[in-house]
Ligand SMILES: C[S@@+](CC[C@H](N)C(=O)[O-])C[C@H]1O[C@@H](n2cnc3c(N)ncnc32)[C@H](O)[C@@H]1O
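This document opens with one chain alone, in structure tokens, the form predicted on its own.
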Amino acid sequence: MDKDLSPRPLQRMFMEVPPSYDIINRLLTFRMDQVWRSGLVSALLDGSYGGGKDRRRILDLCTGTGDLAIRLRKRSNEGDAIFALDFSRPMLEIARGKAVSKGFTDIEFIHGDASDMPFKESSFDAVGIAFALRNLTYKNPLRDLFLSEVARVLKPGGRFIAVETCQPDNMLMRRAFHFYMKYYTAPVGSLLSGHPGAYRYLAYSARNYYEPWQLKEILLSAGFSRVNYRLLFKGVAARWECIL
């Protein structure tokens, strides 16, 4: 039987940043994480909201090594302002380096805490988060504070859009997903990263994370007026779109 694992090894990994972090993500997801991030960018830049204005302010929350922020900058309008926040300085340094290497020098990378963001109320038209919502909400005593902070920094009518793993409805697919996380993701990630505790936690939290409808209820209780979700790859992951 699985035992509950502390998230602290995961936090240490984010602070130490294994050089192979991005490569491991691509390997463990067979590059599907890139496809799902691309869909998240399209949703964040959807012209059907914000009145079609070309000066939107968009935040990549828990940016990590900056993949989502860079994709946003590449595909957004010239007048859009892209911000990226993370608590790990080493991660942000990698993200800045990646952005500069691609010619994007105007992304605002900010070191900060998701539970106390250094932004005024109603600062952003949209907030996006890619595969970090689980870390903020799974058995996290600060879960409600994290979500209330997202609502605080969004403008009225703004959108919070997240891509995260979830639980497939089909029981055969669910068992296959859980087997994959336990017997492939955990050992392979541990071996390649040198952080076995972190990848055991990642695999454990993915296998025990919320049903998609449960996360919808949590997001509604956080103050969003409407929450919809779309299952990805038979429910292995999903994209939640929340309107404040």
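When you see a residue number, it is the position in the sequence shown, counting from 1. If you're wondering where the values come from, they're calculated on a predicted model, not measured in any experiment.
Below: the form predicted in complex with the ligand, not depicted.
Put simply, Leu28 is far from the ligand in the predicted complex: not one heavy atom of it is within 4.5 Å. Not displayed here, the ligand is approached by Cys62 to within 4.5 Å at the level of heavy atoms in the predicted complex. Within this chain, Thr165 is remote from the site of the ligand in the predicted complex, having no heavy atom within 4.5 Å.
The closest non-hydrogen atom of Arg37 lies within 4.5 Å of the ligand in the predicted complex.
Here the chain stands by itself, but in the predicted complex one stretch of 169-177, 119-127, 150-158, 81-89, 81-89, has heavy atoms within 4.5 Å of the ligand. Using a 4.5 Å heavy atom cutoff, Tyr21, Gly112 and Leu136 all lie near the ligand in the predicted complex.
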